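Below, in structure tokens: the form predicted on its own, a single chain.
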């Protein structure tokens, strides 16, 4: 992983169903500084649509998505 994607906060959201992963990420990212990276690992299949929609509506950016065997990691950069 490059330093540009080194997470400042990592959240284990495995096992949580919609809308909880987005709610928890939203709460956490509000506590972070602009430019910081949050990594959210989730097993919720709906997250593939939910996180990009949430990022667009909140002005944040999904900078990487890493699919694993049983989960997906979303790298989210706080932009404002």
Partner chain sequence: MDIQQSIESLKNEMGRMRDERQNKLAMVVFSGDLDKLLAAFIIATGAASMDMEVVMFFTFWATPVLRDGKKKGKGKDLFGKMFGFMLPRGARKVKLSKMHMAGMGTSMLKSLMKKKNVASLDEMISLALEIGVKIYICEMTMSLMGFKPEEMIDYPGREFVGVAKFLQEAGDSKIQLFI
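Numbering follows the first chain given and starts at 1. If you're wondering where the values come from, they're calculated on a predicted model, not measured in any experiment.
One more form of this protein exists, namely the form predicted in complex with its partner chain; it is left out here, but the text below deals with it.
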Is residue 31 a contact residue for its partner chain in the predicted complex, using a 4.5 Å heavy atom cut-off?
-> no
Is the gap between residue 36 and its partner chain in the predicted complex 4.5 Å or less for some heavy atom pair?
-> no
So in the predicted complex, does residue 58 come within 4.5 Å of its partner chain, heavy atom to heavy atom?
-> yes
Contact label in the predicted complex: residue 9 to its partner chain, heavy atom within 4.5 Å = no
In sequence order, which positions of 5-42 have a non-hydrogen atom within 4.5 Å of its partner chain in the predicted complex?
-> 15, 16, 17, 18, 19, 20, 22, 23, 26, 27, 30
